[in-house]
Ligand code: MSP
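The form predicted on its own is given below as one chain in structure tokens.
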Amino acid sequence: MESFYITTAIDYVNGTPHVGHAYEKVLTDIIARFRRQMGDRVHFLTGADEHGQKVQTSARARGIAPQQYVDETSAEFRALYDRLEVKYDDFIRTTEPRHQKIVRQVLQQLFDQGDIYRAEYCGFYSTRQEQFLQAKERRPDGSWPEIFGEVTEIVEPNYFFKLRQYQGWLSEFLAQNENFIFPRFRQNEVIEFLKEPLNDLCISRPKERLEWGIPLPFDENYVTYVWFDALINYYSGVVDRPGAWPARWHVIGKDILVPPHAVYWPIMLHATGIPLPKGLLVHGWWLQSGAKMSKSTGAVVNPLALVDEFGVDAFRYFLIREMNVGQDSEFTREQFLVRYNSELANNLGNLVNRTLNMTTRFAGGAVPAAGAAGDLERSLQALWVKTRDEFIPLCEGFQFHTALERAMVFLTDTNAYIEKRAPWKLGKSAEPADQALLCTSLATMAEALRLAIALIQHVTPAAAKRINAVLGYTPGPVWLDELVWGAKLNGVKVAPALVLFPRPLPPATEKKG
């Protein structure tokens, strides 16, 4: 059994979770579920980034201790992921002793081997981004981009990590490992970034300016820069799990690829002698009207509002069906309703209702054994084999949106099969041949439904459980065995009905008079 360790970015808890947080965690959960189905020994880590100046400032504004503040906000993020059926194996917090211990060990090692030095910093600092800025980041008119917020000029002594001396190594590593970053064009962006000389990384903040952080082990008057602290969570979360490290994938957003994950993190690991992760999976942004969703502009989507209205499976399905991993995608309620109605309610939900209703009406609620397959049955079975054999490689290559499209084609053809066979007509006939064909059609419908839901269960886990329950079926332990067309439902008793994806009601109209 192969070890498959996967992580998400840990969320900075100075704010509330939004659809971008939800997408990354759902995507990673679906990858983790898929790998478990394929037989891997999966460990899935997510968590919260809880240090830094913004947290300290927000806590003071509320008149509470930073620890109380992060306890409350971390719980909010965790509650969302639990609601979204995100089955992580561990949730790490950077305020935990297990994490702080490893951060201090890494810092001390780098300091002892001469990779960290003290020097005076003179330049500009962005409180919003909690980072020092370079002159080249200014606009031509001398102003700073809005993303940096208030920028102040400071002069202070600090500690620096010798990032620049490892730039040649990193460039060579990326040249030799062309598939380190998915999708490939993101790796090309990093290579272009590395054509400019790197500055050494300031990895400290003086306590008189920032108290809420991990103290440097070699100088307690300073705390660790929040990015240097946060990145180490991927390692500190599994340092006591033999065989877990290195991570197979770090799943992150494109906005934190360069420089944190593609420059700082590989160099930090290399300098410390820790093996690098095997890959970075970089996803895009959810857009509204072509722009990134932003709390400052009010262009945000509340994940829980959609979950409350349409259910967790519909929300998970839309996120994965709509976005090509690595690209940006528009998020609109209108497009959500298109997917919901056409693919979930009218396709999958319709097949569930037809199967249960007709099995109850024409077979006493028990799935009959299929007779000899005709051309229609053989055609549907052949489509199933094609669908399954395309679906698995697509998921292995993170092309989940295309894999779900293939599954929907199979469901559409199954519903078309029902129209052609017309079991409601066969059920009215007393002819033995028609009755035999009725049994075959009912068995075919039920088996197609069982297979389809087995195929997409890592995307819609709650719906899969409900459908299997009404089919009276308990899947076996080997997922690939569940994808073989057979007679697993012969004789099982089904429920009479299940409303899985109710169609949304039109807006209420105001009464007149």
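Because the structure is predicted, anything quoted here is derived from the model rather than measured. Heads up: residue numbers just count along the shown sequence, starting at 1.
Just so it is clear, the following notes concern the form predicted in complex with this ligand, a form of the same protein that is not shown.
- Annotated contact segment (heavy atom within 4.5 Å of this ligand in the model of the complex): 253 to 261, selected among 253 to 261, 128 to 136, 380 to 388, 353 to 361.
- Proximity of residue 283 to this ligand in the model of the complex falls within the 4.5 Å heavy atom cutoff.
- Mapping the unseen interface onto this chain, residue 12 counts among the residues with a heavy atom inside 4.5 Å of this ligand in the model of the complex.
- Although the partner is absent here, residue 292 is a contact residue: one of its heavy atoms lies within 4.5 angstroms of this ligand in the model of the complex.
- Taking non-hydrogen atoms only, residue 159 never approaches this ligand to within 4.5 angstroms in the model of the complex.
- Relative to this ligand in the model of the complex, residues 18, 49 and 231 are all within 4.5 Å by at least one heavy atom.
- Interface residue among 331, 88, 317, 227, judged by heavy atoms within 4.5 Å of this ligand in the model of the complex: 227.
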